[in-house]
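Let's start with one chain on its own, the form predicted on its own, as structure tokens.
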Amino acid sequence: MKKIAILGSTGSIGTQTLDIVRNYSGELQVVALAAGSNVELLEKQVREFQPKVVAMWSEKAAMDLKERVSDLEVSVLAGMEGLLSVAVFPEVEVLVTAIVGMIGIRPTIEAIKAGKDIALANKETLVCAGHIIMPLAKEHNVSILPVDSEHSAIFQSLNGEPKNRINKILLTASGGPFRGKRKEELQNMQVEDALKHPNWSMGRKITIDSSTLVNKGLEVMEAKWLFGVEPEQIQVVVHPQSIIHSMVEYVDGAVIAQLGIPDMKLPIQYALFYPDRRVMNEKKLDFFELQNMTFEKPDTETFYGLKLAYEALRSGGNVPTIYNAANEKAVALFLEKKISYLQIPEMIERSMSKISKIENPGVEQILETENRVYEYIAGLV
């Protein structure tokens, strides 16, 4: 019985992880959960999966939950202290980090120090702190298992191959709902337009990120740390059908790819059972149904958030944090309809030019950088 904990259990990745637990209840056991403020859903999860400890980011929500589950033997905690308790809970073997934002960094670090394997779905962990996380994981002999579909595909394509023979990583992107559009066509795009992803069912923030290609920029940064490659070795390929989830090209010209229908459950389940594979009773890829598979270069002039990501990655230090924080704040403002769609990459670019660079930042400096970016953008708005 493999015992797991989930940070972000009420979100898209968290709920799909629990779907897999339902299918393999005899082999997976949830011992700890954490969520933001969705008390109603977390209560249902607690009653179904009977974890021993749960945490909510919101103090008020935690108090509400505590009253609701007072008939159960479960410890209810709050805030960062609660997240850390879930992350290092002694029985946990694998921590699924599906929480959104930089609040995922500290729990991940403490989980690694406690010897927990990490099923990683929190982008900020590697984007902002990859220089801390990867050496720490190596030091504590902990596996970082990517849950993101593209990184899982790369991870699978590397199995059994010498890591020092990679020529380049081919990171696929659907292109989002605005693929093929020019900048002038994006001028009046509304929140509802940007949330219409053609292939994937995801949370609101990541769906907006997909439409701007910023999500792909964040994935480029993650790939650098996960697979030990240079920015020049990571090439984004727009593949609208989302059948090939990513590829690895080796020095001899061979390209190995992982294919499948667009479904996040496959990479989640792969991470939970790695190195084993288990039956998944979902629709399988049928090559006879495929009409075609097409590939395009990304338009980095219109969707220049991707180009800015490469700039941030090459700059290093806290610049990826500036990029991430500026995007996070700008997307939140766009979802609240306080800024226009095209102001998202504008705010990222302005933040990168205004906020001071720090070489080799520690966790506190990363969090301070985030706050400075938030204050800067608040001043712009």
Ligand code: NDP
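Numbers follow the displayed sequence, beginning with 1. Computed from a predicted model, the values in this text were never measured in an experiment.
Separately, the form predicted in complex with the ligand exists; it is not shown, and the next lines address it.
Although the partner is absent here, K123 is a contact residue: one of its heavy atoms lies within 4.5 angstroms of the ligand in the predicted bound form. Heavy atoms of A271 never reach within 4.5 Å of the ligand in the predicted bound form, leaving it off the interface. When contacts are judged by a 4.5 Å heavy atom cut-off, T369 does not count as touching the ligand in the predicted bound form. The ligand is not drawn, but in the predicted bound form it has a heavy atom within 4.5 Å of I103.
The stretch in contact with the ligand in the predicted bound form, judged by heavy atoms within 4.5 Å, is 28-36, chosen from 62-70, 341-349, 46-54, 28-36. Taking a 4.5 Å heavy atom cutoff to the ligand in the predicted bound form, the contact residue among I99, A87, A119, C128 is I99.
Interface residue among I206, L145, I132, A223, judged by heavy atoms within 4.5 Å of the ligand in the predicted bound form: I206.
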